[in-house]
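Single chain ahead, written as structure tokens, the form predicted alone.
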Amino acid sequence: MKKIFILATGGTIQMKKDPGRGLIPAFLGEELMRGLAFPDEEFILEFDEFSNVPSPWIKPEDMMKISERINSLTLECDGIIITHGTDTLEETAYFLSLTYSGDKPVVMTAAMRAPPDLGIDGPRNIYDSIKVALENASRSRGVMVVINNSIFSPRDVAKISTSNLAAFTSPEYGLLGTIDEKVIYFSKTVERESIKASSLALPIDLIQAYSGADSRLIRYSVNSGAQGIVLESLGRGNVPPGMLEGIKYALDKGLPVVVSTKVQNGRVAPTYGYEGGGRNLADLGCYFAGNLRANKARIRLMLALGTKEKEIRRYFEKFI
């Protein structure tokens, strides 16, 4: 008989509405199973109460602990469900996808609504996640995100709504699959990556480019101890010329600077040759994140810098 672990970390899925305070943490992971039945499935369900916190409280150090926990748990079970808040779910999912090496499915899920709202989605998302974890075709696919009847890749999943049940999308590559009475995958294989980091390089700062942006925030980041910087650039990978002095300052101090974009679709590339253009940044020594969004490029950089060889180029050169 298959065994599934539910690793509860918190989020809206474990909250309730307090009349005087709004949504607050309330339920243990085990309580999430109330009212759920699997008449056609026989399996053992066990619970691991990792934490019960809002997802903005989840730090990279917590992600590392979750990774260590799931890598040990998969020796004892056939699949793992991780309940998590939606605000930082895509970051934790991407972190785990780079640090989990097992062949048992790991499914992250969440909720956009909590009791007593009508149409709460947590129970359905847990039900779907268990079905995905039990599915034989899920084996060796690594970490996945299941929400709103959809199966997403951690690399591509993005939250696009603050309140809609269809809060997540996969803007570049589409869904991995769906749950429609049964689990249906749209692709037979999934590319998996591993970054064997022995530590985390922290802090890594994320700085956004905008019209008229200058170098103050970059300089402050460098002088206050940042280990690296991710630029959420404009368009194809471009920044206002006022940011160049700060970028050069960071690079001269030995900090890696990674270029991503605030645009939802498409990749950054050294295309534009004007002052502040992508070609200018590449010539200075910046790395490019391809179509990896800035929050995930930050995760990738902190792990790459945490490897024994600090192999930044190896983990970003594929995006050029």
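Keep in mind that this is a model prediction, so the values were computed, not measured. The numbering used is simple: start at 1 and walk along the sequence shown.
The form predicted in complex with a small molecule exists for this protein as well; it is not shown, and the discussion that follows is about that form.
- Taking the partner from elsewhere, Met302 is found to have every heavy atom lying beyond 4.5 Å of the small molecule in the predicted bound form.
- Although the partner is absent here, Gly254 lies well away from the small molecule in the predicted bound form, with no heavy atom inside 4.5 Å.
- Remark: Asp117 does not count among the residues lining the small molecule in the predicted bound form, judged by a heavy atom distance of 4.5 Å or less.
- Proximity of Asp87 to the small molecule in the predicted bound form falls within the 4.5 Å heavy atom cutoff.
- In summary, the region of this chain contacting the small molecule in the predicted bound form, judged by heavy atoms within 4.5 Å and restricted to 29-37, 260-268, 51-59, 286-294, corresponds to 51-59.
- Contact annotation: of the candidates Ile80, Met144, Ile229, Ala111, the single residue with a non-hydrogen atom within 4.5 angstroms of the small molecule in the predicted bound form is Ala111.
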